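Two separate entries follow, structure 1 and structure 2, each one form of the same protein chain as structure tokens.
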Structure 1
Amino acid sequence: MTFEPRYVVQALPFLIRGARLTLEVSLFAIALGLVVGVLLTIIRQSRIKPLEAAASIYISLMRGTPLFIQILIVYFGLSEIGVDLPRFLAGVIALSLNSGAYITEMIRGGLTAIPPGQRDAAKALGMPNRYLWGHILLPQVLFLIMPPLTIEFTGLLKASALLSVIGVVELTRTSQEIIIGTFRPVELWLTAATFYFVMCFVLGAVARRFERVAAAYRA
């Protein structure tokens, strides 16, 4: 079997649409994941023991089991309890629930980089907790975790390929569907891989840039 470029050319418009959906689903997932991560952080700082324990178990489960299984549980679980969500939304939810567990660890790391004196200063000024977190800590943390967050985003971009299994027509699913019609796996898979590679490579370069800026801020 040879490599026939014309099949690539033919598929290109569809693959580009698929890649757009891959980017969109990842973007929604990282945004929602950030929300989950912040919520988990707040719960873990809440000093309410049962809540803290629940958060710990949640994080351990999310990090200790395959994302693939998590996606399937969310997808089947939602329909089982009668929530009929679009596949796209189910995918975003599954990815962000998983991502949140990793992001909260990043936030934890970022918090340790902020000198404790800043908290003391805020408290000395009589600032309520809400302000301390909303105006002092989180803005700085979000800036500090930009480099790992970008890497997490590339991780989600790659992980979103798994959403093809629940029928989200992103890049991988698009390729599969074209292959079913054309029987050209070589052209399609190599092209799809190239698409992913370019996206991740560019994001990797962005992450390194962020890292330099963040390093300068820390110093």
Structure 2
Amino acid sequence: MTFEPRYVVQALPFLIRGARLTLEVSLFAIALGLVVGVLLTIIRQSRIKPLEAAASIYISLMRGTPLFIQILIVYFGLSEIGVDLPRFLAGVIALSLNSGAYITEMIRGGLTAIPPGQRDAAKALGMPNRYLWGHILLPQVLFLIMPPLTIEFTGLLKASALLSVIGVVELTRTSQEIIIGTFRPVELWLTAATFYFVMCFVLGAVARRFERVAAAYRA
């Protein structure tokens, strides 16, 4: 089978639409994953044993089970108890809940690099926890974990392809539907792979740029 560029040209408008949806679901999931990661970190640092235990169990479950199954549970499992979520929202929630567990571990590692004297000084001054986390700890730890965070974000973008299983018409699902009609898998999958590569490359470049700006600002 020879490579036929005309099939790629015909599919481009649909693939671009699918890539746009992939970016949207990934960016929402990235933002919510950060929120989940920060909240879980604060819970684990709260020294309230039941909450710490619940957070640890949650993190172990998210990291120890396949994301594919987590997506199915969020979409199909919740519908069984009367919670019918739109496919897009279910996909965002599943990705963010999974990513949040990994981000929590990154933040935990980043906190060990911050001198404990900073926290002790803030407590000695009577600083509320919200200011301690919002103005002292989180800005530093997010800068420290930027490299692994970038890897997590690009991995999340690629993992969004799994949402095709619940009918989210992102880039992978769009490619599948076009292949069914054209019987040209080589052209479509190569083009889809190129789209994923470009999106991951741009996301990584933006993250590295942000890291350099943040480093210059700290200096």
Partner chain sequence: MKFDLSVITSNWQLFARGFGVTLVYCGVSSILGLCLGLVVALARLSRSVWLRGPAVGFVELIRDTPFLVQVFVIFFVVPASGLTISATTAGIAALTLYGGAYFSESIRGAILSVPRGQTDAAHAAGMSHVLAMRRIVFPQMMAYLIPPLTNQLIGLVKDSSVLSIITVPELTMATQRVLGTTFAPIEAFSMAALLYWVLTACLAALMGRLEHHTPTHRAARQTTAFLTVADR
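Take the two forms, find the largest set of C-alpha atoms that superpose within 1.5 Å, and that set is the rigid core. When a residue number appears, read it as a position in the sequence of structure 1, where counting begins at 1. Keep in mind it's a predicted model, so treat the numbers as computed, not measured.
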{"query": "Selected structure - criterion: the form predicted on its own", "finding": "2"}
{"query": "Is_shifted V202 between the two structures (CA, 2 Å cut-off, rigid core)", "finding": "yes"}
{"query": "Rigid core fit between the two structures: Cα deviation of L125 in angstrom", "finding": "2.4"}
